[in-house]
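As a starting point, one isolated chain is supplied in structure tokens, in the form predicted on its own.
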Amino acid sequence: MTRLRVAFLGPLASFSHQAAADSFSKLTADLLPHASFADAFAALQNKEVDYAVIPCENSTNGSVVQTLDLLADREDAYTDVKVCGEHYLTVHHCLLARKGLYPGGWAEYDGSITKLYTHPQAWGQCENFLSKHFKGVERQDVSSTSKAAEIVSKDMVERGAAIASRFAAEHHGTDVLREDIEDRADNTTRFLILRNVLSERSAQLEFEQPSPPTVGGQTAQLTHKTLITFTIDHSSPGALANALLIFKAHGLNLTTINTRPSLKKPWQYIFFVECGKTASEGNGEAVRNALHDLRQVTETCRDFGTWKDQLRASNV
């Protein structure tokens, strides 16, 4: 069988690389870095890759806006892209510096770092540490945490530091001055696994737990999640309530709701709703029926796919 091709947000040694490696660890796959979220989506739409692993939200810092904007697909550029799975990665940030810059490590750090580099999402995940030890130090946004590690590994002039993973430190050859600098020990990023619905290769795989979880010796029932986007007539009183009540009517539990501007007209929004229900034969039509009813009360409505709920499976 030809090796699977999996896109992730590059460069190498990013958290997205780690998530892709975890997600496809039991499959023969080539993991391919992409410079931007849009590049990964385009590669999937054009069938240059079979899957894409994209960060969508962090437990500390919330939704990844770039992903929501691509899923909004305002120009219908990614009509064949759907979600087929998810992966939760516990994110531990480290403070990295150029090799040998501080031989004694954090214990002998003298306060001489003048600039910090990382991905914008990481600042909010490490704010307590940064406020305590680097108040007033310049912060430079870069395209990924791995890129931040690469920058400080090569800079022979400035005393800079990066916020990135140990994975990135090992890849780029930097020193780890301090580990676990995130505000919360349970800091976790959720990644969506995307596929092209017209691809026969990706249609043959399902993403699920290696073995069903058990509770009290009994196999637990796994739930499925579905992502649906829609727009409404904002001038119609109760339009949003009418749409949301449809999920309740079909027994679908809402797990997240997000919005982004539609860009069709000012103050109109695209709603992103994730809903879940325990998988069973009787529940098989719930999503289909809900979508039918939603189309009667919304201006636009799109089904982005259904997949196994990995969070509930890991917590039962």
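Treat the numbers as computed from the prediction; the structure is a model and nothing was measured. Note that residue numbering begins at 1 and tracks the sequence as displayed.
We do not show the form predicted together with a further copy of the same chain, though everything after this point is about it.
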query	finding
Partner-proximal stretch of 286 to 294, 39 to 47, 25 to 33, 267 to 275 relative to a further copy of the same chain in the predicted complex, 4.5 angstroms, heavy atom	267 to 275
Among the candidates 176, 142, 244, 101, the residue which, in the predicted complex, approaches a further copy of the same chain to within 4.5 Å (heavy atoms)	244
Heavy atom within 4.5 Å of a further copy of the same chain in the predicted complex - residue from 190, 201, 171, 133	190
Candidate spot 66, 137 and 158, all three touching a further copy of the same chain in the predicted complex (heavy atom, 4.5 Å)	no
a further copy of the same chain contact at residue 88 in the predicted complex, heavy atom, 4.5 Å	yes
Non-hydrogen atom contact residue 108 with a further copy of the same chain in the predicted complex at 4.5 angstroms	no
Contact of residue 184 with a further copy of the same chain in the predicted complex (heavy atom, 4.5 Å)	yes
Partner contact for residue 124 in the predicted complex: a further copy of the same chain, 4.5 angstroms, heavy atom	no
